[in-house]
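To begin, one chain is listed below as structure tokens, in the form predicted alone.
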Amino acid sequence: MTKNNPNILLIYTGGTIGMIKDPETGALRAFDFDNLLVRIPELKLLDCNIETISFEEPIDSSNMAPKYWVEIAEIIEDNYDAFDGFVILHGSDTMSYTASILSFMLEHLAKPVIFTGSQLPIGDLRTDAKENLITSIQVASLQHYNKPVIKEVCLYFEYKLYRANRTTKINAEHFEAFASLNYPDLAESGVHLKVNNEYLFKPNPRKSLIVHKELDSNIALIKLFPGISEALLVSIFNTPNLKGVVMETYGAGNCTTESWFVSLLKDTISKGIHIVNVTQCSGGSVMMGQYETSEKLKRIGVISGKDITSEAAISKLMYLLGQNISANLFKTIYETSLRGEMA
């Protein structure tokens, strides 16, 4: 590695970007990561030094789990001082979850960690993989006075760079697979790479990276719907070892005001189980107390997820539950923006 050009570590976890079709079944399967670089000779033209590392067994992102999140975080931790930026190749289906949780796990991150992938395999004639990968590496290489321009976990897809914990996968077929509906794009790739500096996360430069590896996945995600039964909710809230629930409510955080529902939530919270209120809407924010149907939730201690995505809400819950925060402080800390994940 040379001192003149940024050093970028490319981490391959799996996903469509590194897959080929099985000639017999037609199913997609992961192939040797080294072949990925062979198929994109343009990478040699970039003004950076690229090294690669791969999961021993690349996984489909549908099989993503907390143990793999820790593995990714440890790869970054072990190589943090030697590299100026990191690009993580990941399947698109759960990319927003992984990218969101990494933003919480990497406290005081001061270098770019860019997630990307593709909708079509690298070998496909019409693949979106090349542009996504090349531009992600360029973004990770951006420097100003020998310091990284990007200092947070991001997601790059189809000409746009997003704050990772603000993203949601919105389409399974279009190349424009992701959206950040409650926060502006961090950069856009066109004839020029335009970075919106005013929206970038600005960490404290005097603090060193802390990697959090304790995550607690004893949580549930509940999407409310008209007619949801008391029996169903009781069974979920009585799940052994349950510690937290992300509840997707209507509109600006509204729900039924039936007495059994509010009583059930109140009893659950009194047992020390945290309930986070997020909106089912793709964009917008929870504003508990704006309507009578959410005022009762505010009164009994339900946590406001504000404008957080469901993916980031789940990630933040797993992260904070792993921190052994006291019950008195938990709600206050959750409702505080830690990595730019909420307004």
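Here the structure is a predicted model, which means the values were calculated and not measured. Residues carry their position along the shown sequence, with the first being 1.
The same protein also has a form predicted together with ligand ASP, omitted here; what follows describes it.
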- Message: Is it the case that residue 112, even though its partner is missing from this view, gets within 4.5 Å of ligand ASP in the predicted complex, heavy atoms only?
- Response: no
- Query: Within a 4.5 Å heavy atom cut-off, is residue 167 in contact with ligand ASP in the predicted complex?
  - Reply: no
- With heavy atoms only and a cut-off of 4.5 Å, decide whether residue 91 touches ligand ASP in the predicted complex. yes
- Message: I'd like to check something about residue 54: if you look in the predicted complex, is any of its heavy atoms closer than or equal to 4.5 Å to a heavy atom of ligand ASP?
- Response: no
- Thinking of ligand ASP in the predicted complex, which stretch from 314-322, 276-284, 59-67, 293-301 has heavy atoms inside 4.5 Å of it? 59-67
- Query: Which of these residues, 118, 254, 98, 141, gets a heavy atom within 4.5 Å of ligand ASP in the predicted complex?
  - Reply: 118
